[in-house]
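Just one chain follows, in the form predicted alone, and it is written as structure tokens.
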Amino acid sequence: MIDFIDPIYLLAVIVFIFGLKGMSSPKTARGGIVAAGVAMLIAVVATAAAFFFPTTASLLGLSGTPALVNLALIALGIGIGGGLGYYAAKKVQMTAMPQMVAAYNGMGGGAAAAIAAVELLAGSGINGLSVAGAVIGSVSIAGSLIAFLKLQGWMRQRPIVYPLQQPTNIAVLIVGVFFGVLSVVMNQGVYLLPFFVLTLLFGILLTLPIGGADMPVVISLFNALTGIAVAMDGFSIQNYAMIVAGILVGAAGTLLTVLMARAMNRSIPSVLFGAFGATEEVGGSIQGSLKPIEPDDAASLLAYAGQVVIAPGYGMAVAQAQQKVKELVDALEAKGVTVKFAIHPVAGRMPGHMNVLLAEAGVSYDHLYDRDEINPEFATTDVVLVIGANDVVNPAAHRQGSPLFGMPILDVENAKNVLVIKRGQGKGFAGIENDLFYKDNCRMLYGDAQAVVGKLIQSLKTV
């Protein structure tokens, strides 16, 4: 009898690839996500059919599938997990999407670690690959948990450092892996407890010294680790769908991690081990003063501009100001002003954070320009409106000796006028004073971004 399980898995993999391709562009991302969901459904249904309906599976040729026990618990787990996932997806605010992505990355890594644990306890599969999958999955879920806590504001967002941090982390990892190898060599499950405790601890310790400024890179990295862990498990239990899907996620996540690091002119090791932002910059050569402006005067500048470029950042997300920003865009375009958005690759707390928020508010993709596209236009732009962005618009990146030196930024300082909406005079996540705020062409609009943009909209009506 022909075994149809592998062709069904192959179909799922093909749909996965189309889904991943769709996610490469904001215009097709929604369709890509739907395709990936359909692919996962195909794989799950095919596997479930073989497990839960062995007679039907046999008729379809889904032979050779091992029997499962505790089917009621499995069904309960699927129901609870699916229900919670659906509820969270419907209720979570777009501003909290980075936390949700971090949490779901971790869940995937945790699932991979759990599969590896079962294989190690049963003594089946390829034990070396199971140990590797367990290590990577444990690091992913523990690190993602810390990333979630930092993003949610339930833990200090700046790097947490202590003496001999890296030697301690390496020692924890080595001892943890030793217990994992020992469990395989001695074929004793008792060694798995210290193995998982130490690998989970390593994931926590690895993430503690990483600050909020590096969270886009960290989220991408743990996404890649989850994919690699799944692929390792797939090789161990010889499940081709897991192998290919894991490799796709791992490769895509790795590429995205590298791109995010390059966007900050940083290396992956410096992100993981550099504790960037642990201490604030001292000294510097900033000259000038902060110059506030009233919303009425700022609205006049915007109304009589030929082109306005809006540079959003994390402050816009925190204030949930994207809807007001869309209203501002409509008001300006009604007056004949050309409006564009300058999107830095690491603005916000996850890759594409600003794109997601603006899309939710109904901003057309045609308004969005990445850093390389928009930077040449700043010199001829009448007004740049910076909304809650800090490090990604800091000209200190051009100043020799600054910790930001060499980081590609949005060159908003070159515009004729710069308006900055900011809650206070604090520094960004990198702990670096922003040279832009002291420039002669820069004015400060202090307050919550949503409230300030609302005042701008009202003032525009009288201009």
Partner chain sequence: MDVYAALFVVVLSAFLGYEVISRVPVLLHTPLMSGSNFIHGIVLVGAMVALAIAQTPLEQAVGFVAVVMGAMNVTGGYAVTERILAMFDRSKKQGGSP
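Residue numbers count along the first chain shown, from 1. The term rigid core refers to the most C-alpha atoms you can superpose between the two forms while keeping them within 1.5 Å. As the structure is a computational prediction, the values presented were derived from the model and not from experiment.
The protein also exists as the form predicted in complex with the partner chain; that form is not presented, and the subsequent description refers to it.
- Looking at the partner chain in the model of the complex, residues G81, K91 and I141 each place a heavy atom within 4.5 Å of it.
- This chain appears without its partner; in the model of the complex, the one residue of A334, V118, L290, V197 with a heavy atom within 4.5 Å of the partner chain is V118.
- A single residue from the set L436, I409, L404, A43 has any heavy atom within 4.5 angstroms of the partner chain in the model of the complex; that residue is A43.
- Taking non-hydrogen atoms only, R423 never approaches the partner chain to within 4.5 angstroms in the model of the complex.
- Although the partner is absent from this view, N390 stays clear of the partner chain in the model of the complex, with no non-hydrogen atom inside 4.5 angstroms.
- Among heavy atoms of T381, none comes within 4.5 Å of the partner chain in the model of the complex.
- Using a 4.5 Å cutoff between non-hydrogen atoms, E360 counts as a contact of the partner chain in the model of the complex.
- Checking 307-315, 146-154, 348-356, 293-301 against the partner chain in the model of the complex, the stretch whose residues place heavy atoms within 4.5 Å of it is 348-356.
- Residues of 154-188 that come within 4.5 Å of the partner chain in the model of the complex, judged by any heavy atom, do not exist; none qualify.
- Once the cores line up, the CA of G22 ends up 2 angstroms or more apart between this form and the one not shown.
- Comparing the forms between this form and the one not shown, the C-alpha position of G32 differs by 2 angstroms or more, with the core used for superposition.
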